[in-house]
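Encoded as structure tokens, the following chain is the form predicted on its own, with no partner shown.
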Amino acid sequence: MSYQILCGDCTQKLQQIIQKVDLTFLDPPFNQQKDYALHNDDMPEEQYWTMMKEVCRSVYNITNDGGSIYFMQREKKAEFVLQILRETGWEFQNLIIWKKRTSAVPVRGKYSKQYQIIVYATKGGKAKTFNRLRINPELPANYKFQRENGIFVTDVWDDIRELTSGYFAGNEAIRKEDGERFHKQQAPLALILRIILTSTNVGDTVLDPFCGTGTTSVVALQTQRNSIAIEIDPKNIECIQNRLTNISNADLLQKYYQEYICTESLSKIWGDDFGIEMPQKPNLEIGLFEEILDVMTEYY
């Protein structure tokens, strides 16, 4: 398998990608005035959605027929996501509700918020790959009999915990030496794993245009998929490279295998080799963010 890391603005870097991709996980900054080092998260709404439309169109152009995109956003922005995907050629398939497992965020004058949306769409009317995963969560209180073979994953995901800023962030959350979170928007491994297992096969290529701390690439590597990561912040790039060349115990995926054990042909979907031998970290020098860092590492 291989991974590639590009440092820079994804609107520019996407134009330089030649190879085709099979799946894109799109989790951009939400334009909520967050303090990012090299991104303005307080753009005029029209400018922000124009940028996202450009990204979706560029991703569409490099996606194989039948390939997939998963676009995560705030629930109040669902109409914009759906519109942009439709206008750039994508075919809507599902509106996934990722229900958060911690307390709902209180809001005055309306219901508290407890979920994010993930819009699943494909290039063409039918996905070329859709592995029907089965899970076996705890039975609801009113169920009398145990399930024999779990249940299929639906469009409501209430079994994946987000990485909160408090206690429940756990060991998976990357931290600085002082204990503070390295990146408070870090995506959980379990979320990316479900997406990759569903919409790709071993040997496919996964793209993340706003890769942050590189969770998508970490999951792709351990499930024998190729990956392309784009990130504008060199500090995040260094973090990604460290995660990929030195897989930590917190990043290992074996702990999730049993959750999908009821899935038919799971070992084939997942990839048989749990014991990928990781190479030594290459000697990299990360310069100014305008410079391109293009790292290709081969695994046999």
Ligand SMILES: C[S@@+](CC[C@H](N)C(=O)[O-])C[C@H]1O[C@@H](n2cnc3c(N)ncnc32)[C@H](O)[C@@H]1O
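Start at 1 and count along the sequence shown; that's the residue number. Since this is a predicted model, take the numbers as computed values, not measurements.
Absent from the display: the form predicted together with the named molecule. The rest refers to it.
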(message) So if I measure heavy atom distances to the named molecule in the model of the complex, which of the stretches 264-272, 248-256, 61-69, 227-235 falls within 4.5 Å?
(response) 227-235
(message) Can you pick out, from Ala121, Leu193, Val206, Cys211, the residue that has a heavy atom within 4.5 Å of the named molecule in the model of the complex?
(response) Cys211
(request) Counting non-hydrogen atoms within 4.5 angstroms of the named molecule in the model of the complex, say which of Thr88, Gln186, Gln73, Gln93 makes the cut. (result) Gln186
(message) Is Cys10 near the named molecule? Define near as a heavy atom within 4.5 Å, in the model of the complex.
(response) yes
(message) I'd like to know if Tyr36 sits close to the named molecule in the model of the complex, meaning any non-hydrogen atom pair within 4.5 angstroms.
(response) yes
(message) With a cut-off of 4.5 Å between heavy atoms, is Thr215 one of the residues that contacts the named molecule in the model of the complex?
(response) yes
